[in-house]
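Only one chain is included here, represented as structure tokens and corresponding to the form predicted on its own.
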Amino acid sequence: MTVNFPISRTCPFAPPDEYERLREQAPLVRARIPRGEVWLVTRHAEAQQVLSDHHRVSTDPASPGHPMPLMRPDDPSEEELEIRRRFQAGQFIDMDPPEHSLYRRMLIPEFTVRRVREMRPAIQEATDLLIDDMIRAGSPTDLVDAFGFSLPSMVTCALLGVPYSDRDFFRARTRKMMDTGVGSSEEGIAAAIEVWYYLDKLITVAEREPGDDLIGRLVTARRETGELTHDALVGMVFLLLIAGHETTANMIPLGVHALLRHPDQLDALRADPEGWPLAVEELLRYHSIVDWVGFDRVATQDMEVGGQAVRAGEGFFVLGASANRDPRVFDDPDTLDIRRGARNHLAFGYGVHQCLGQNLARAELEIAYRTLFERLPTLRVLGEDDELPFNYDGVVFGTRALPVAWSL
């Protein structure tokens, strides 16, 4: 059976209903996408197999049969083609080893457990400042605007060396990219081009006067050795800015919403704050906000996955949200269980392309959730779930607003 893809979510607490049926049908299911067909990988074990096999599987969109080019418009503009050529140089998410390994090795020191531990006081300070602002402005408020978007903006901008005063520029464009697809709509493409040109100018300035930030350190340590071209550095920072901000910005309000809808779980965390790290892992698994974008691959050799023969040149979309609800791996997977302790979820991917910034994301989420519920113990969501503007069709699942209230 061949299904049409993508498939939209309809519930803020679950992947698309169709995923369960597909997962039970087979580990690989054939699907129609806008300009071709692809394999959907529905189960956890097979997802790990595809995502970790960099010898027979490629993430490079230029590889014959890769699914992402088949999701794009048929007739790209000359400007779009030029921008693709220029920023593809630094998009290491789309590279295979050994080229991918070179870029990743440059960035590992910025995201180690030790480095993130050193950043925690600054993340805590930013969190407290934003909650102070919320309290000063008074109840009610939109948690997405007041907190969910602002905290990762502050952290990411400080890390990269991007002026925080430009956050509204990035918010408008990253939201357009995530809502419509970075490379699958004219609006998303136009927004990506604007961000790229902004970073092009910012890095040109940093090349003259590098600062004490990630961009400055890359300029100083890497460009002098010839390891990075200007365009490669722009593309790398583009990827870090989008990936590092938009995912966390969506997870903060979604996690708050889920815990407020599961008050027993929230009460357990209030009684034992040491449980927050495990709770973050479960919220990441439960929501799986990055489902198939970023989990796109193509077979470069004939292979077998889950008993299914796959030919060279056939593409995959790994369904992360389906794999994270696989009952073969997670007991009672549709239930939120903050004590589950399952760090084997695929919310950060798997294999050589596993999210480089996962340590930072975990720290931001843990500090954000714990501090918000400690300082605003009466926090509550205003409105019913069917009244909230969840972005069911977006590249990254989230909500455009989360109205909340509290009393002091």
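From 1 onward, residues are counted along the sequence shown. Computed from a predicted model, the values in this text were never measured in an experiment.
Just so you know, the form predicted together with a small molecule exists too; it's not on screen, but the next bit is about it.
*Asks:* Any idea which of 341 to 349, 376 to 384, 22 to 30, 36 to 44 reaches within 4.5 Å of the small molecule in the predicted bound form, heavy atoms considered?
*Replies:* The contacting stretch is 341 to 349.
*Asks:* Using a 4.5 Å cut on heavy atoms, which of M68, L360, L372, V57 is close to the small molecule in the predicted bound form?
*Replies:* Selected option: L360.
*Asks:* Tell me, which of G255, G244, G315, G148 has a heavy atom within 4.5 angstroms of the small molecule in the predicted bound form?
*Replies:* When the small molecule is considered in the predicted bound form, the option within 4.5 Å is G244.
*Asks:* Q354 near the small molecule in the predicted bound form, any heavy atom under 4.5 Å?
*Replies:* Yes, Q354 lies within 4.5 Å of the small molecule in the predicted bound form.
*Asks:* Looking in the predicted bound form, any heavy atom of F170 within 4.5 Å of the small molecule?
*Replies:* Close contact is absent here: in the predicted bound form, F170 is far from the small molecule, nothing within 4.5 Å, heavy atoms only.
*Asks:* So, T248 and the small molecule: in the predicted bound form, are they within 4.5 Å at any heavy atom pair?
*Replies:* Result yes; T248 sits at the interface with the small molecule in the predicted bound form.
*Asks:* Can you check whether H230 is within 4.5 Å of the small molecule in the predicted bound form, heavy atom basis?
*Replies:* No, H230 is distant from the partner.
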